[in-house]
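One chain comes next, on its own, written as structure tokens: the form predicted alone.
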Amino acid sequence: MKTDLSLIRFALHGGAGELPRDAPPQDAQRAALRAIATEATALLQAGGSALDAVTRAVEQLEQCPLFNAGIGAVLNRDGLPELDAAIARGEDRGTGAVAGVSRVASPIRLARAIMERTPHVLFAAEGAERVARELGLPMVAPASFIIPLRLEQLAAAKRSGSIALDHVDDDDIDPDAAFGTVGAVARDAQGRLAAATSTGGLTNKLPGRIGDTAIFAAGTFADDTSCALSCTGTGEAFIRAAFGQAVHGRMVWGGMSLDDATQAALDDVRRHHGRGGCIAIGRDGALTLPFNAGVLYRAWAGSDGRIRVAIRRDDAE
């Protein structure tokens, strides 16, 4: 099998949302994004697979309390974490997903185990947690995911009767907002694509709600004939737009570039009253990170292998 380090591409995101212009510089978030992207890119350069790179990156994001996944995930109306995750393998459209779990230490690890060790694609809630136990994955108490900031955000959302952004001050709660999520996409030295996404969903969401993250060809997608992508934003709108499949179809059947296909799909998201963004890598190595929200927490390594980090539109480091 061909090995070519120039084929390597990597990107990750830590959610989209709105930030006031005078917000702090987000140094801790930037440092975390850079460190995780650096490790994942090094894994790829050492011959690791795209699937391993996105799994490890998202697992680390789940362990970082600065983002809306795993530890530090937002809380539902009942004050509990409900975690969703999905993984996708581009060479054969292998995919695994989990929704509504609160006792699995790493939802993305469970998603991968579902893909590789069961004949199924998607498990939810208690059934998913039972599968995790049967497969020997680490389990934790729901309280281990909860941090004080998310309790404060839930209280603020309840006071206003709204849904809160995960990247926003309490005074800036938007009743129409639905943001969060972490994700990663990669192309390895063999040209294989993979994507992974994990989320806590929405602050003050109704218990049992599932967004686009766990839905293959909506918020998570990989196919070596087109692209790998991971989305963040208004999950319901990304589902209605069939985001991943729409990008794939525009590229394979419509001949669009990755940039044009993702932008057209984001236009569809907006028509469905949604906002957010995605990270995507094309089979040809194109890399794009479009968004129609105020900010997208992101890091990436292009053809030169350099790690870049950005939150706002024009602040790449």
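Note that this is a predicted model, so its numbers are computed, not measured. Throughout, we count residues from 1 along the sequence that is shown.
Keep in mind that the form predicted in complex with aspartic acid is missing from the display, and what follows is about it.
Asks: Counting only non-hydrogen atoms, which stretch in 153-161, 194-202, 240-248, 94-102 is within 4.5 Å of aspartic acid in the model of the complex?
Replies: That would be 194-202.
Asks: May I ask you to choose, among 117, 77, 133, 209, the residue with a heavy atom within 4.5 Å of aspartic acid in the model of the complex?
Replies: Looking at the other structure, the residue within range turns out to be 209.
Asks: Mark residue 234 yes when one of its heavy atoms lies within 4.5 Å of a heavy atom of aspartic acid in the model of the complex, and no otherwise.
Replies: Looking in the model of the complex, residue contacts with aspartic acid include residue 234, since a heavy atom lies within 4.5 Å.
Asks: Would you please decide whether residue 68 lies within 4.5 angstroms of aspartic acid in the model of the complex, comparing each non-hydrogen atom pair?
Replies: Residue 68 belongs to the contact set for aspartic acid.
Asks: Using a 4.5 Å heavy atom cut-off, state whether residue 180 contacts aspartic acid in the model of the complex.
Replies: Taking the distances in the model of the complex, the answer for residue 180 is yes, it comes within 4.5 Å of aspartic acid.
Asks: I'd like to know whether residue 220 contacts aspartic acid in the model of the complex, with contact meaning heavy atoms within 4.5 angstroms.
Replies: Taking the distances in the model of the complex, the answer for residue 220 is no, it never comes within 4.5 Å of aspartic acid.
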